[in-house]
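Taking the form predicted on its own, here's one chain by itself in structure tokens.
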Amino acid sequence: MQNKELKKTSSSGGLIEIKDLTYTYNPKSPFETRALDKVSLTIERGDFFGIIGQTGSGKSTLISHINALTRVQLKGKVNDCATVNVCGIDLTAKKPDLKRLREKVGMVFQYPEYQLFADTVREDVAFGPKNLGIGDAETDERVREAIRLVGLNYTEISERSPFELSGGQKRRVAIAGVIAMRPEVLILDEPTAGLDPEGKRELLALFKDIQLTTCPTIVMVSHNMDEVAECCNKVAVLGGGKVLGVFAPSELFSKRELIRSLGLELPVAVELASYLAEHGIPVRPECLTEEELLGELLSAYGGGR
């Protein structure tokens, strides 16, 4: 990987501000592993921010610091100069306000449907708001809105057991339980894992709607570069516990050697557009999505008339 390909990140003014964060698993043991190494990252309000990298690059450890599932290591002066500030909450403080953080940051894990537990869909989605101390009337309003936002019918589904639903419906109910808390930041960890292509498309469209209506800032970890190209306005590349750069998708996917060095594949539309352009078809090789590529082809061959 060539250093000249990498782009420095900014370090001020963000909704999420991380500077010089280091984290080591099993310190001072034969299994010691440095998962994060002086990571600095800024995520602005309104970003749909992607995080990519090989397995073991530090992605999961990084996002777990954003909602304090993993706490900043302060012993031994490892992070004495580090900054981890999320929605105005200083997570390097001895006693950060974790209750307020849970109100501000929601997280959708891989296979979130495995976290369903209540007897009815309504009770499951209501669990988060009730835990925040929200009153019954507002909780009911939030539950109805969240179920509607994920594309389900409240009347038909609210009193059913979540375990009787289809796999796709279960995942939507689990997501509704997170957005019912109305977080400012929504963290998605491989959110389409295990879904068929149609299910992935529907869920990505759902997240775009959620960003517009409910959670203005989304952070998504994904191995699927098609998803990153379609959804994200910025993408952080991690490798060996370090931030190797932050790019706009168009810039990132022009760096083929960088993507391949991470063991990742270019978006299908990028590969196809490049192939077509090389063979004389009048399309831009930097098309990122299937929709963009189709538009180019329709424009070139008069299909839009």
Partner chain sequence: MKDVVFGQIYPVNSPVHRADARAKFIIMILYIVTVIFASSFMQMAVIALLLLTVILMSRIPPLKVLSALKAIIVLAIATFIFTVLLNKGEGAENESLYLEFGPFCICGTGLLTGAFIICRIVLLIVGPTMVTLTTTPVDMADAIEFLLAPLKLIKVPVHAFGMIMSIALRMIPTLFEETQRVMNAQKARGACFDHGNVFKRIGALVPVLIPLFISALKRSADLSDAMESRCYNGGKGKTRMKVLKFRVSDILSMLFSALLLFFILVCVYNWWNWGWVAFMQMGTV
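Keep in mind that what you see is a predicted model, and the values were worked out from it rather than measured. Residue numbers count along the first chain shown, from 1.
Although it is not shown, the form predicted in complex with the partner chain is what the next lines describe.
Give me the residue from Asn67, Ser57, Thr42, Ser274 that has a heavy atom within 4.5 Å of the partner chain in the predicted bound form. Selected residue: Asn67.
In the predicted bound form, the residue from Ala82, Val235, Ala229, Met181 that sits within 4.5 Å of the partner chain by heavy atoms: The residue from Ala82, Val235, Ala229, Met181 that makes the contact is Met181.
Counting any heavy atom within 4.5 Å as contact, can you tell me which stretch out of 150 to 158, 195 to 203, 120 to 128, 215 to 223 lines the partner chain in the predicted bound form? In short, 120 to 128.
With the partner left out of view, is Arg100 within 4.5 angstroms of the partner chain in the predicted bound form by any non-hydrogen atom? Answer no; every heavy atom of Arg100 is more than 4.5 Å from the partner chain in the predicted bound form.
Report yes if any heavy atom of Met107 sits within 4.5 Å of a heavy atom of the partner chain in the predicted bound form; otherwise report no. Met107: yes, in contact with the partner chain in the predicted bound form.
Report yes if any heavy atom of Gly280 sits within 4.5 Å of a heavy atom of the partner chain in the predicted bound form; otherwise report no. Gly280: no contact with the partner chain in the predicted bound form.
Quick one: does Val72 come within 4.5 Å of the partner chain in the predicted bound form, counting heavy atoms only? Val72: no contact with the partner chain in the predicted bound form.
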